Every structure is written in structure tokens, then in C-alpha cells.
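Read the single chain below, which is given as C-alpha cells and is the form predicted on its own.
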């Protein structure tokens, strides 16, 4: 079985089953099975892939056909130009979440203490630590997620201190200059309507907010006022259609409120300053 034949067969199997981006997915899975970069597939199309790689490739294709996200198969995802390890214990970092980083950098902060709430893979915390050259603190209620974040921080050389806890529980009053979070924001009523890749494979505790979907924004508004120094900022990823509800949550005790859209024009990042 040559590289080219395996690639064509895999892409057809995925496409016939309605898997999005079938060709790209086949490339990623075949590269992973071979332990090679994707450029190898086109540099050596007539190379024999070998029996072991063929077995791995077949298993990866089967897993993807069952709905398992490609990132959980390869155990990696790029975020802000860096490769992060991921597992089913954490959400897969999305390109949209990079706008959270962009908003923080646009604020031109020189914070002495940043806290990333619900850090998951550590994508936000690690990226901010490396981009700003500072120490970042991060929290997550899941010990398994915290372990993934610690591994990513160590692999990428970021100084991130991770605590297993609920939101900002261990942080003292007025101890932070910046709070960031991509909180759970899926309403309970919408869980079953999510794509199967999300609904059946990503951790529900990182997705599900409650009945309304705004529950974590309400808690972060209250806890943010407690832990942020006057003039400190909170920057949050927004769920779809949550721009106005979140604005209303942050009516009191906050100013300099702004909402940044993503590349599709959807309101994606909310920022507010703790009143001085």
C-alpha cells in the first residue's frame, strides 16, 4: 500500500460518510500513523506505508468515522502558533479563542498577576505567559484537565501555576490585574443539539453552563469584582448571542466595556474594567 493510494482511499471513505474536510483529515491521520509531517505525503507518494502504519491508519479512520474528533486521535492541536497536547479531559482549543489572546494583548497590560479561570489544556494561560513574559496563575475544577495544562506548560517552557479549584475560590481580594476565561456557556436545553464530535467526546463540565447559559458569566462578574484591583480587566470568550446578556450582567462595578467580533463577525470576546 503506497502513501498515495492510502491517502486517496482514506479521503474517499471519509467523504462518503460525510466527514467535513475529508481530504485534509485523511492527510492528518495518515501523517500521524506514519509519524511524519504532511509534506512527506507529497514528497514520497509511491513509498510503501508498511503494515503497522496501515493498521494504525485504519484504526484512526474508524475512530473518526465514529465521530471522535481528529485532535483527540492525534492528541494535539495548534493554538496561536504553538502545538498543544489535548485529551478528552479538555476542550479542543478553537481558533476563535485566539481572539481572547488578541484582546488581552491589545490592552497592552503589564500585569503582576493574571488568572485564567477554567484553563483546560492551558492554551490561554500558556500563551499569555509566553507572549507577555510573565507568570500566570490558572484554575480548573478537573484534576485531569489540570494535569494536561501542567504538561503543556512544561513542554512549552511557560511559567504557569495551576490550582485545582472552583473558579476564583482561592484568590484573595484585589489580588489580580487581569482575569481571563473561556467559561462553559452551553445552555442545558442545547446540549443534545451540539455536533456529535462535541456532544459525545468533549468534557460536558467544560461545555454545560446551566439552564440559561449565562450562569458562569454571572459568577465571574461577582468574583471578578472581588479579586481584581480597581482598574483591572476581565476578558471572556462569549457564547453565541450572549453579547447583550453579558453586557447586562456587567452593568454595575464595571466600565470600559467592549465586545470584539471574530472573523465571521460574531461577537466573540467581552472585556470590562473594574471601576476605579
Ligand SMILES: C[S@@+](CC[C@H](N)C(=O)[O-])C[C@H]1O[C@@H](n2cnc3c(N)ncnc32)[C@H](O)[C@@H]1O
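Predicted model, so just to flag it, every value in this text is computed and none were measured. Residue numbers count along the first chain shown, from 1.
The same protein has a further form, the form predicted together with the ligand, not shown here; the description that follows concerns it.
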Answer option from 88, 187, 111, 183, heavy atom within 4.5 Å of the ligand in the predicted bound form: 183
Interface residue in the predicted bound form among 247, 36, 219, 68, criterion: non-hydrogen atom within 4.5 angstroms of the ligand: 219
Location of the ligand contact in the predicted bound form, chosen stretch of 126-134, 153-161, 189-197, 139-147 [non-hydrogen atom, 4.5 Å]: 139-147
Heavy atom distance at most 4.5 Å to the ligand in the predicted bound form, all of 2, 10 and 58: no
Interface membership of residue 74, the ligand in the predicted bound form, 4.5 Å heavy atom rule: no
4.5 Å heavy atom contact, residue 173 and the ligand in the predicted bound form: no
Close approach of residue 97 to the ligand in the predicted bound form, 4.5 Å, heavy atom: yes
Close approach of residue 166 to the ligand in the predicted bound form, 4.5 Å, heavy atom: yes
